[in-house]
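Consider the single chain below, provided in structure tokens and representing the form predicted on its own.
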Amino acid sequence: MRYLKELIGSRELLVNLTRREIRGKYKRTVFGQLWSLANPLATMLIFTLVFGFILRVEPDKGDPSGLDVFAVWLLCGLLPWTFFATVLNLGVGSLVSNAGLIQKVHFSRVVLPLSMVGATAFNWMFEMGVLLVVLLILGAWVIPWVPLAIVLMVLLAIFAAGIALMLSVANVYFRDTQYFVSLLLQIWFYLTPVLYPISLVEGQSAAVGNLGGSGVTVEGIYSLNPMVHFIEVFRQLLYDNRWPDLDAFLLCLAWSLGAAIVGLVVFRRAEKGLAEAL
């Protein structure tokens, strides 16, 4: 409880660090914040060409929205994934990159990884704005579902922050962590239904049946991936325009709280020795 009070007391520092990250990222560029849209849009175009036109991946139509546009369906998966991956990529090196500050000034170190979450969230809002405009142009009745989508993204931010806290500490003692995270995210991406519908996994799981005669199935193992539920709920809200599955939403809540609690505990225990370790 005392640690949370310290964190609340450091909110001004957190805001200033977040502003520093936002301003520094596109400093002295011509297009500035517009560059935050370049990566997801370019990725969407490439994957749409490969998976939508060449490999002919066909996700289900939006129910009840009726949407049947692969590029939009793909973007609804890319936005939460890129947010999560960016937080982890930036958060893992947040302590090492600020070693001089940590060694010279006493403050709550937890604000360093959290400032990466804030900066990523700021850039994500521009991407979300583009997605909402596209959905409205296509006739999707998306406005009523935006508040719940924001709640989901807050849960995803908490989940990502919890993991980033643990990874940032690990990277202080084992500098290989940042390279491991980069590799892990590449594998994790393809184990998450961003490029393909989850129905493909369900179909293959049904065809394979129980593994080794046990009650374990491919789908059961696949569902252990928390990002499966975050992306499916996000698509249900904005692409399908319907209430998300309650079980999936509760799993998102549970993963978020669990990651946040474990992340804070691990970070709290390691915080006092960070200056010496750096």
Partner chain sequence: MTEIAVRVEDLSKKFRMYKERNQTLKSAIMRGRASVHEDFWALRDITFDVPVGSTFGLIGSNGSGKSTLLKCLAKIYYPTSGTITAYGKLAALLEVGSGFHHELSGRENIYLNGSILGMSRKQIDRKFDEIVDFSGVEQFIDQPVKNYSSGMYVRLGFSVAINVDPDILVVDEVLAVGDAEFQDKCKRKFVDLKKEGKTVILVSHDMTAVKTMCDQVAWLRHGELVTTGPAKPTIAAYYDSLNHE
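Predicted, not measured: the structure shown is a model, and the values here were computed from it. Positions refer to the first chain, counted from 1.
Beyond what is shown, the protein has a form predicted in complex with its partner chain; the following relates to that form.
Asks: Which of 204 to 212, 74 to 82, 167 to 175, 148 to 156 has heavy atoms within 4.5 Å of its partner chain in the predicted complex?
Replies: Of the options, only 167 to 175 has residues within 4.5 Å of the partner.
Asks: Although the partner isn't part of this model, could you tell me whether residue 265 comes within 4.5 Å of its partner chain in the predicted complex, counting any heavy atom of the residue?
Replies: Output for residue 265 is no: heavy atoms all beyond 4.5 Å of its partner chain.
Asks: Could you confirm whether residue 277 comes within 4.5 Å of its partner chain in the predicted complex, counting heavy atoms only?
Replies: Taking the distances in the predicted complex, the answer for residue 277 is yes, it comes within 4.5 Å of its partner chain.
Asks: Whether residue 272 contacts its partner chain in the predicted complex should be assessed with a 4.5 Å heavy atom distance threshold; does it?
Replies: Residue 272: yes, in contact with its partner chain in the predicted complex.
Asks: Can you tell me whether residue 101 touches its partner chain? I mean in the predicted complex, with a 4.5 angstroms heavy atom cut-off.
Replies: Judged by the heavy-atom cut-off of 4.5 Å, residue 101 is in contact with its partner chain in the predicted complex.
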